[in-house]
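There is one chain below, alone, in structure tokens, taken in the form predicted alone.
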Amino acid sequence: MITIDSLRIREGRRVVLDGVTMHLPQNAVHGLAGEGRSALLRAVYGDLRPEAGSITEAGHPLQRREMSLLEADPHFWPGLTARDCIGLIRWFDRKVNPEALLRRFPVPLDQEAATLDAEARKHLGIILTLMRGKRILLLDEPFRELKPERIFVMQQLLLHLGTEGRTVLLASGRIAPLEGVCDDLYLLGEGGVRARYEHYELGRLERSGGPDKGGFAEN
């Protein structure tokens, strides 16, 4: 169980989250929507230091080495090709085979990764994140920039990850791709958790356009 307890996060002068508490079981896919969702993922990963509160697992601080973060807009070191980036992951674990992921998310391997278009950058980011084999995955807007057929592929991968001992935290501005994938959804807003929805409520939530008829585009 990952426990987020009374978390307070500031970005610059603005407090984006204050008093956020969540209890996230393992072996599940947890959705995050609303304002502050990306900041929460960065805090869990350790890139953003909370002003107050704690993030623990079984009473102990989360270890970054157990996690992998997919950024909403992945960036790569200049001069490295997509093949180079994949090679760096394989250098640490020669048993990792990226071929199945490359078939699902095609990437021009010999192009400089930093110059790829937004879709190919997202494909490469997904590949590198999943190749690392971490048991806690933090995915920021994993469906953004994907074509409809790739969204379906990503949904199928998430269903598989949630049943193989992984814990996934998935931030999204759209509810539709989360239906049938997430075990639950936390709606953030006004600094805290506005609501929590079970998986069977997501379809109705999407059809209604969100609790305030305005969707979940805030980040």
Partner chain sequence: MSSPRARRLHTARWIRPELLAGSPEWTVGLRRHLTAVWFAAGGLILCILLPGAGFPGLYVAAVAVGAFYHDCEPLEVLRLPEMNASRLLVRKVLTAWRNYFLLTAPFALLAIVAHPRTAWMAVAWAPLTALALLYAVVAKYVRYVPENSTRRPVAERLGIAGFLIPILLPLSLCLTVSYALRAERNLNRYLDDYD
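Positions refer to the first chain, counted from 1. Keep in mind it's a predicted model, so treat the numbers as computed, not measured.
A second form of this protein, the form predicted together with its partner chain, is not displayed here; the remarks below concern that form.
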task: From the candidate stretches 187 to 195, 39 to 47, 22 to 30, 174 to 182, select the single one in contact with its partner chain in the predicted bound form, where contact means a heavy atom within 4.5 Å.
output: 39 to 47
Single option in Leu102, Leu146, Leu116, Ile136 placed near its partner chain in the predicted bound form, where near means a heavy atom within 4.5 Å: Leu116
query: Does its partner chain come within 4.5 Å of a heavy atom in each of Ile126, Phe152 and Arg166 in the predicted bound form?
result: no
message: Within 4.5 Å, heavy atoms only: does Arg64 come near its partner chain in the predicted bound form?
response: yes
message: Is Leu80 near its partner chain? Define near as a heavy atom within 4.5 Å, in the predicted bound form.
response: yes
task: Answer with yes or no whether Glu112 is in contact with its partner chain in the predicted bound form, where contact means some heavy atom within 4.5 Å.
output: yes
message: Would you classify Pro98 as touching its partner chain in the predicted bound form, given a 4.5 Å non-hydrogen atom cut-off?
response: no
